[in-house]
Every structure is written in C-alpha cells, then in structure tokens.
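Okay, here we've got a single chain as structure tokens, the form predicted alone, with questions on binding and movement later.
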Amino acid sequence: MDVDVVARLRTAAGRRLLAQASGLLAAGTDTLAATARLRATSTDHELVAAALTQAQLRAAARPRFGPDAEVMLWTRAGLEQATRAVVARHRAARYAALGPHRTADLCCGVGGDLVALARAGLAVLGVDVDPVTAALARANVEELGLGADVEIRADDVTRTDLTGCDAAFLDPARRDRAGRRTFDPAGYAPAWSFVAELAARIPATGVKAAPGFPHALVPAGVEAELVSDAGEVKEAVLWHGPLATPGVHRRATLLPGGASLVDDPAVAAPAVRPAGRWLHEPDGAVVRAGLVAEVAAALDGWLLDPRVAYVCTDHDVGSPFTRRYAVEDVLPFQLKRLRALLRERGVGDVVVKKRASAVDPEDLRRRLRLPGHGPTQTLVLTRVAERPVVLLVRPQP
C-alpha cells in the first residue's frame, strides 16, 4: 500500500468497496469469492485488494479497539504494534494530569496513542518516519473527528523539530531487520541513546519498552511502570521528569480495573516456608515489576521458594494483585503417583499452571491419560528447594 491508495480508500468509491468487503466477510464469504464479487463492481483492482485487506484488518482489530476499529485504516504491522485502546487511555491520563501545552507522539504508528491523547484533550504532534504510516495516522484521527488539534508529520523522530512540545511519548521499534521481536534495548530504533537525549530536551518524557526491560537500565529518578490488561503483561513505560511519581521507582498497574502497586523500600524479603492453606499467584505485571515482596507483606504471607513468585497464606484473604487458590494437596512431582491420585479422585481433565518448572503442560495432560469426563483439577507445577513439586488447588472467585 502507498500514500495514494490510502487517499483512494477515503473517497466515495473506496468507502463503498470497504463497506461491501466488510459485509462479504461478515457473511462468511471466502477471500477468493469476495475478491471476485468486488471486482465485478470496480475496475480498480488495486483498490479492491486494499479494501478487502482493510476489512480483514478491521475485523482483527475489533477486540482491541472496539468501534474505532470499524473506521480506522491499518497495516498488518501497524495493527500488531498498536497499543490497545484501554492501555493507551491509561497512559494518556497521566499526560492529561500534567496538562502539557503540546505532546509529541514519536514513532506514532497508525495512531493508537494519538487517538487516546487527543481524546484526553491534548494537542498532539505525531511523527513517524514511514510516509504511508503517517498517512494512515492522519486518516485515522480525522475519521474519528480528532484532527483539529493533531498534526501528523512524516519525518525522522531523531531530527524532527519539536519546538513548542513540552511533553513527549516515544514508542521505539522493537524488531530487527528481519521483523523479529528484539528484547535487547540496544536493538531498538531509534537507538536507546536517543532516550536520554530526548528526556534532556523535554523532561516530561514517557518511553514504551518491552515488558522484560532490565531494571538495571532504568535511570535514577525514572519510574518504571509495568502494565497488564486482563492478566496479560503488555508493556513497560519509563516515566521521566514531571511524569514520574516522586519516590516511586517501580509500579505495576492492572487494567482494566486500574489497581496499582508501587515499591516500598521498607518491605523486607518474604519468609520462605512450606505451602499453606491458600496459594496466591501474583499478576505478571507485579512479578515483572519486582513487587512480589510488597504483595506478600500486604497478605501477611510467605514464599514457597525464594526464587518463585507464589505467595502462601493460612488465612483466606484476597488481593487485586493476585489470583488465589485453595490448596488441597502438595506432593513431589512424580507422574505415576500424580496419575494414580487423579484417577482415584475421578478427575476427568486438568488445567496446568507453572512457574520454575520445565514440564510442558500439554505434554503432561497427554501423559496423564485422563478419561475426559468428570471434574477438572487445577495443578500448579513449581519448585521448592530445587525439587519439583505439584500442588492440587481449587481456584477461588
């Protein structure tokens, strides 16, 4: 797709083809048949192909972007890399609370964060080096009625003029030249050295990073926020200058509810003891943020193993930062013994959860050879003092 095709998709003919393509796909028409039907109504075969691709991408975007997906334009890479709406709204709220004159959204992609920032009432400059991506971002903010206070620029973010911007958000590309994800900040584009340069020019800077971003690389005075959505860790954001919360180095935020936990230097390392009556599984954002000790202190709990993020208690207490399970049995992990126990109890199938275990859950399910009828048992595979153990647990509301 090129800039001209983006413009043609927004004409009356393009919109008509998009509507037809969406209707055909919704009716279950396969791609070849849909293409033939669309070509019967238009001689612009390039536009037909683009409309059909957009209809497919809009359907894929719907779970993450809701009604906005139906009017936005996408590329496959742009959709994969775009921040889901609930996360973008959470981030935009921090900028809105600061109240900047103008916010620069650097490496803006197709506009997921632009939309959230504009809806938060902010004037925004969006910059992306790819002209097609910039054209899509421009189209998207205009289609959503947000173009009045948004400027889009196709430019190199390391060289573009940011005069007038007193806040910035940077979402560097985290893929190598072959398109594979990279978890090493040295492989980000623009180069990681640009982050320090940007924060020196515009102190109110937020930088998106992979969830596994090394804590050792977080500069002093910067708040690292780990964000999960519906239990899935989505990203880390490094908040600089006035966007950072004073005294907070690490934060875990759980969406969509918005529960947030911060580091507490006064919290001691949790005790390590055998399993109690209740097992608590901290959310992945809590684990990635290194806040398991804070959760254990809040629950008055302890760890099964100092290197494994499972918290135990003897009293039934809930936390927005954990899922809790009633512990029914704890035994050394031995396949034959586990199979015999499950069959003795009439278990038909298992749900396998694990931390610090090399066992493949699906392989274990096959090897247990359970009948498939009867109650389902939740198993937790982990390690205690270097020895593999299995806990039979019951999930709690």
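Note that residue numbering begins at 1 and tracks the sequence as displayed. Bear in mind the structure is a predicted one, so any value in this text is a computation, not a measurement.
Not on display, but discussed next: the form predicted together with a small molecule.
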query = Where, among 218-226, 252-260, 80-88, 312-320, do residues come within 4.5 Å of the small molecule in the predicted bound form by heavy atom distance?
reply = 80-88
query = So which of 237, 157, 168, 295 gets a non-hydrogen atom within 4.5 Å of the small molecule in the predicted bound form?
reply = 157
request  = Just give me the single entry in 129, 198, 146, 275 that has a non-hydrogen atom within 4.5 angstroms of the small molecule in the predicted bound form.
outcome  = 129
query = Should residue 133 be classed as touching the small molecule in the predicted bound form when contacts are defined as heavy atoms within 4.5 Å?
reply = yes
ask   = residue 301 near the small molecule in the predicted bound form, any heavy atom under 4.5 Å?
value = no
query = Could you tell me if residue 244 has a non-hydrogen atom within 4.5 Å of the small molecule in the predicted bound form?
reply = no
request  = Verify the contact flag for residue 108: yes if a non-hydrogen atom of it lies within 4.5 Å of a non-hydrogen atom of the small molecule in the predicted bound form, no if not.
outcome  = yes
inquiry  = For the small molecule, considered in the predicted bound form: do all three of 113, 172 and 189 come within 4.5 Å of it, counting heavy atoms only?
reply    = yes
